[in-house]
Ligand code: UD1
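Read the single chain below, which is given as structure tokens and is the form predicted on its own.
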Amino acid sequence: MSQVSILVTGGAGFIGSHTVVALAEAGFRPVIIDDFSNSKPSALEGLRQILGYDVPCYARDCNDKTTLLEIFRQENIRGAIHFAAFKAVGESMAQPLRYYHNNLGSLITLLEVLVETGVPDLIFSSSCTVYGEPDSLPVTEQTPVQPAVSVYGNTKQIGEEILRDTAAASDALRILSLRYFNPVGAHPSAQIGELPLGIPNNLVPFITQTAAGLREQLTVFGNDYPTPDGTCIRDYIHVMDLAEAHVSALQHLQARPAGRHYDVFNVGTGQGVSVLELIRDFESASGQRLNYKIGPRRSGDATAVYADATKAREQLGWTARRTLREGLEDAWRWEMHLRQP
């Protein structure tokens, strides 16, 4: 195995844990830091089952600069992928200072450590929420960034600005922001997957929990949008495709000359799927009938957002390979794994 060690902050979380698998399978040596505020240590056992060994993991806070410096030196870190952040939109509106301090503070701390240790490469977990309610579809990386509708979304926008300015001033740093669309699914082994703490914020785990009987009913927020069936349209990408995009991005950075490099990439499928279409697709993939009702619109929901991922294909050599049905089948398999006694 290659000894190129990559720090994965928030590596026990949903996207982070799957990226750890993709990194390991590509010959990197992932090292996790996670404070387990929004994840569970059981993810580490799942990773061991998939990879056959224990991934190094530090149960610490990314805002702790001393700890980060120790990890970088002890593990000979040569790059970082930054997932660690608070991510609940509603909570961010109620606790803005907590979100700004954690999400931006940890990013600034990590950048300081990269500069001090001379480690060049960073990939940032950004979001398609930066596009807001776009004027045209699909969105490209040149689509104007709209004012954020949540504090969480604003931390992603400000994070991108911090990265752009820092890279412009650095003779060493090479940084990419990946703007994710809507990750779904789980590892096909069902050893790791999305594990919401409490009521899910994302649609697919709410669907699977409803189908499994943990939730009484799913509410579809609005059916009066200007879309073919009246429900919101999103771009749903399999989490393993998303994980592999991080590997392609890291390899892209490593092939570049050092310094003053910052870029952004959309990571999506390019296919818009409505909420009602997703429900029907899940019912077909799982064989389960879903109990759902139509409710009022939810504040902050854009009508439709889906990606043009041409840039990622042409420059990173990455494209989404898995179907939505595969993602829904894997998500349901993961839900059933969780319900085993």
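Start at 1 with the first residue shown and count on from there. This is a predicted model, so every value here is computed, not measured.
Omitted from view is the form predicted in complex with the named molecule, to which the following refers.
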{"item": "In the predicted bound form, segment of 158 to 166, 133 to 141, 230 to 238, 74 to 82 with a heavy atom within 4.5 Å of the named molecule", "value": "230 to 238"}
{"item": "The named molecule in the predicted bound form: contacted by all of G16, S42 and A190, heavy atom 4.5 Å", "value": "no"}
{"item": "Candidate from F86, Y262, F221, Y100 lying within 4.5 Å of the named molecule in the predicted bound form - any heavy atom", "value": "F221"}
{"item": "In the predicted bound form, the one of R298, R48, K65, R313 near the named molecule [non-hydrogen atom within 4.5 angstroms]", "value": "R298"}
{"item": "The named molecule contact at S127 in the predicted bound form, heavy atom, 4.5 Å", "value": "yes"}
{"item": "is_contact(V151, the named molecule) in the predicted bound form, heavy atom dist at most 4.5 Å", "value": "no"}
{"item": "The named molecule contact in the predicted bound form: Q251, any heavy atom under 4.5 Å", "value": "no"}
{"item": "Contact test in the predicted bound form: V275 vs the named molecule, heavy atoms, 4.5 Å", "value": "yes"}
{"item": "Members of 184 to 215 lying within 4.5 angstroms of the named molecule, judged by heavy atom, in the predicted bound form", "value": "N201, N202, L203, F206"}
